Every structure is written in C-alpha cells, then in structure tokens.
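In the block that follows, a single chain appears as structure tokens, in the form predicted alone.
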Amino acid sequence: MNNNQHIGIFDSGLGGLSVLQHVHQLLPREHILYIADSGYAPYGCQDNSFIEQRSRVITEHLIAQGAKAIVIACNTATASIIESFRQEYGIPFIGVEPGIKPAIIMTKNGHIGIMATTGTLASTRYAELSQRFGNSVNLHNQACPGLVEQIEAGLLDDPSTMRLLTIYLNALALNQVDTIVLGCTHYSFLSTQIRQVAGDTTCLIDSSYAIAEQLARVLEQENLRNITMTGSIHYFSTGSINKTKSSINSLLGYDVTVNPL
C-alpha cells in the first residue's frame, strides 16, 4: 500500500454520508470511494449471514480498487463483521458503535437513551459495549424501525417521519432520559427533527466526528496519510442511481455524480 491509495467507506445506504463529511473535512487530501448498498438496504432488520455476505462483496470490491483502509460506516455491519474482517483482510478497518462512553460523561441524571436499529441492539457487540460502560447509568434501548427508510427517501421533514420520531422519543421520555445516543449513522441527518421533538435541553451524542478522528489516528500510525495531493470523492450505489443521487443531493445540499455498482 502507499499513501496515495483511497479510503473506502461503505454503509447499507446513505447514513455513512454523515461520516464521510467529517472524514473529508478532517482529511481533505484523501481520496475516498463511498459505496451505498442501497439495493439491499436497510441492514438493521437482516440476519448476520446476509450482512456478512453484503459486507464481503463490498469490501473485496474496495480492496480490488486499492483501498488502504476501510470505514464500515454502519453500526449494524460493524457489530456483525468487523473483528473477523480485520483478521481476514489485513488492512485497517474502522467501525462505528453507539457512543455510550461520551454519553456517560454528558448525562446529568444517569438516564441515557440509545436510538438504534433492531440489529444493532440485538448484537453481541452492543451487549458487550453496554455491559462494559453501562454499569454506572441506566441505558434505555429504543429500536427505531422505519427511520432508515425515511432518510433514504430524503423524507426528513415529512409528517410520517415526525410521527415515527414522536413515538420513539416519547417512549424514551417516559424513562426521563436527558441524553440520547444516535446509534445509527443515518440518524445524524435527523438531529434537527429529534431536537424539535425531544427539546433543546436533551443532549445528542453523534459519533461521526469521532470516527473520522480515529481514522486519522490509524492512518498516522500506519504511515498511510496522504499529505501531497488534493483529495477526491467518488460515490457509488447498488440501487437506483437516480433515487440515490436525488437523496444524496438533498442530504448534502449540493450536486454529486453517482456511479452504478
């Protein structure tokens, strides 16, 4: 590997764009290939064998294209496959997981809500994470089926999205949570809407920037950081190109080119 090779970022769909934005901001010289597996989204309701198969197809494509590191910008996929892929493929993998540790620092009453997919909350990795850090606080898990699909469709302010958020956030409010962990990268795009329902005094924990910082540390440690060139971003999707392009443009606020995969 050399410093000029690209970084691969993938997600079941468009949630990983929240991570990509921070990666590009922090590492503007890096070349990035972003893959939205929109043809098979969402991962949150799928079993581990399906997630492993899709993650393997994408990982091997990124490696074939010369990836020097891969960011699994999906909590569900991270929980399912990151440890085995690190051993198998021999390049750096950076994953995402719910930010319980920073939430413990921020909470004032010890009641923390975890908004995540069903798959993430049911995973062994999440169970270990909550056991490791959750002994001193009360963790209230809230699965949020349907939110990923709303975000994929670009329906951030749609009444149907707000109805779902109201249901999920009211359930957390019953437990008096003062801090909410966004345990899915998609949910970063609903931060404004979540605050509208939960109130401005509720603290939101978004791990997207911390992932970018971890990637920067790993590249530095492995002497893989690109310091000589101007970075580029290329977007790919396994789903409808027109729909993916429209949703990305809506989420990012500018026009991008999306290539079929």
Ligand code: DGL
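So that there is no doubt, residue numbering starts at 1 and follows the sequence shown. Note that this is a predicted model, so its numbers are computed, not measured.
We do not show the form predicted in complex with this ligand, though everything after this point is about it.
- Mapping the unseen interface onto this chain, C184 counts among the residues with a heavy atom inside 4.5 Å of this ligand in the model of the complex.
- Looking at C74, you'd find a heavy atom of it within 4.5 angstroms of this ligand in the model of the complex.
- This ligand in the model of the complex is not approached by S80, whose heavy atoms all lie more than 4.5 angstroms from it.
- This ligand in the model of the complex is not approached by L190, whose heavy atoms all lie more than 4.5 angstroms from it.
- Note on the interface: of 233 to 241, 21 to 29, 246 to 254, 7 to 15, the segment with non-hydrogen atoms within 4.5 angstroms of this ligand in the model of the complex is 7 to 15.
- Annotated contacts: P42, T117 and V148 all touch this ligand in the model of the complex [non-hydrogen atom within 4.5 angstroms].
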